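Given next are two forms of a protein chain, the same chain in both, each as structure tokens and marked structure 1 or structure 2.
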Structure 1
């Protein structure tokens, strides 16, 4: 049940932000510091998510070779300018392949 509350709250919160942007006067964006901050917050959050999901399990640090290799494969695919979905398939495929080999 509580997961449902989180799902609905996330939906409402995300919608409120989208609507808020459409109705906010544009001059809020005029301060370059505010603009930079709002551009960098997603960078911080996304990197934190990558780090936590790759390097930890619950509250302990964990190095899973297959998962790290999968993420490395994603980096290689991105360097080769692969499209979004190809990056994901390559990453999951490498991790799955290594686990199949017993790593």
Structure 2
């Protein structure tokens, strides 16, 4: 039962956050500081998510060669301006290939 309470609370929180964005006055959104903040926050959050997923396993720091190589391949594909789906396939393919080889 407590899982459903958490799911419902999270859903309500997401709805409240979305509603807050809709009722925010336009003059507040036009402020250059707010605009800069909203441009940088998604980048910071995505970077943190990538770092956690690449460098940790549970609660421990783990430098896994296959994960790091997959991240490197994704960066290389991004530098070559590959489409997002290609970046994902390249990163997954490199990591899976190295795991298949036992590295």
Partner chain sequence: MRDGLSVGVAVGVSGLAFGAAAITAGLTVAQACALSLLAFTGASQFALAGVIGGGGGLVAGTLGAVLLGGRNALYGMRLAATLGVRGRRRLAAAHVVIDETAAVATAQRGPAAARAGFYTTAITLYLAWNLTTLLGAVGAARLGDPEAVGLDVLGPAAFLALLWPRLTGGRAAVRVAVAAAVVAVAATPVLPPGVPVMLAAVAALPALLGRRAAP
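Positions refer to the first chain, counted from 1. Bear in mind that the values here come from a model prediction, so they are computed numbers and not experimental data. Think of the rigid core as the biggest set of C-alphas that the two forms share within 1.5 Å after superposition.
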Handout entry: Panel number for the form predicted in complex with its partner chain
Key = 1
Handout entry: Displaced residue check between structures 1 and 2: residue 93, CA, 2 Å or over, core reference
Key = no
Practice task
Fit the two forms on their core, then tell me the C-alpha shift of residue 16 between structures 1 and 2 in angstrom.
Solution key: 5.8
